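Presented as C-alpha cells, the chain that follows is alone, the form predicted alone.
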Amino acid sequence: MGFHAPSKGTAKVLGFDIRHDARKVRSLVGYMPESDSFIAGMSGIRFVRYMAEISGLPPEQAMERAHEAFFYVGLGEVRYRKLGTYSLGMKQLAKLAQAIAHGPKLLIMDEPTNGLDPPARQRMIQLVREIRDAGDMRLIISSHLLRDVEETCEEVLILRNGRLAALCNLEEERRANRKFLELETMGANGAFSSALQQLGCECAVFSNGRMKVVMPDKIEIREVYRIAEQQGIQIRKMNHRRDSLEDIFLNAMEQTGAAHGGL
C-alpha cells in the first residue's frame, strides 16, 4: 500500500515496483480498512466519488463508478445520507464500495466482517465470494475469524511475528484431509484396534479407553459399531470430524512456538 517505506529488499505488486511505481500501484489496489476512515459530514456518494478520484479516475467517471459501487453493495437507497448516520453494517459496506469504485485489480480487505451481526456478515461474505468468482480482482483478506477465511479463501498464509508460519491451499487440504473418530470406550483392548487396522484404519490408543481412529474414506462408521458389538465393547462417546483451519492454525503456532498469530 505504500504506507511504510521498506527498510530493505524489493517487492512488486501486479508487476510494478513499490518504490518506483507507487502511484501506479495505488491506482491498481483497493483497500478496505478495519477501522472507520470516513470524512466527517460527507454523504456516502460524495465520499466514494472522492476516493475514486484520489485513485486516479476523472470526476465524471468517478461519480458514475461511485453510484455503481453503492448499488452493487446494496446501499443505493442511502447513498445521499451522511456517513455518520450509517449503521455499523452500512459503514462496512460503504468501505467496500470505496475500495472497489475505481476498478482495482487487487483488493485488500482488513477484517471485513468485524463487528457485524449474522445477517450483515452473511451479506459481506456473499459479496466477497461474488468478487472472487467474477475473476476481475485478486483478493487478500486479513482476518482472525477462521470461519470467514475458510468460506472465502483459496490459499492461507499464517503469520507469526511477521514471519511465515504456514502456507496451505485450502482446496488441497480439503481433498487430502482424512476423517477421524475420537472414541471413549469400555472394554476395548488390543484386539479391537487390531480389527480396525485390518479394515485399513490407523489407531492411536490412550489411557481410560480413549482412542483416535483415522478412517479411509471407503470405511463407514457402522463398521466400527459392528466390530465393537462382536467384541462386546461399549462405545461411550464418539466425535466424528475432519481437521479444520483452526487445527491447521493451532498446529502452525505450536510448531513455531507462538502464543498467537494471524492470517
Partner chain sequence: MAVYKRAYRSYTGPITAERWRFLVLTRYSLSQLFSSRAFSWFMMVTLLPVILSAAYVYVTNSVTAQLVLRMGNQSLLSVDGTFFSKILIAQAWMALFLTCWAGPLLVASDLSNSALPLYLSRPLNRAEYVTGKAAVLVLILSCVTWIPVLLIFALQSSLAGGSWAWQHLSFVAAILAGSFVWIAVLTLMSLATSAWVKWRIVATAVTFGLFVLPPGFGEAINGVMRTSWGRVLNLPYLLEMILTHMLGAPMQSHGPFSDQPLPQFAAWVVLVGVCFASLALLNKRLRACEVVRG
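Note that the structure is predicted; figures quoted are calculated from it, not measured. Numbering follows the first chain given and starts at 1.
What comes next is about the form predicted together with its partner chain, which does not appear here.
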Problem - 4.5 Å heavy atom contact, residue 110 and its partner chain in the predicted complex - result: no
Practice task
Evaluate residue 38 for contact with its partner chain in the predicted complex, applying a 4.5 angstroms cut-off between non-hydrogen atoms, and reply yes or no.
Solution key: yes
Exercise for the section: Indicate whether its partner chain has at least one heavy atom within 4.5 Å of a heavy atom of residue 210 in the predicted complex. Expected result: no
Handout entry: 4.5 Å heavy atom contact, residue 104 to its partner chain in the predicted complex
Key = yes
Exercise for the section: Determine which one of 92-100, 184-192, 156-164, 142-150 lies within 4.5 Å of its partner chain in the predicted complex, judging by heavy atom distances; exactly one does. Expected result: 92-100
Practice task
Tell me, out of 54, 219, 205, 214, which residue has a non-hydrogen atom within 4.5 angstroms of its partner chain in the predicted complex.
Solution key: 54
Handout entry: Within 4.5 Å of its partner chain in the predicted complex: residues from 57-78 (heavy atom criterion)
Key = 57, 58, 59, 61, 64, 65, 67, 68, 71, 72
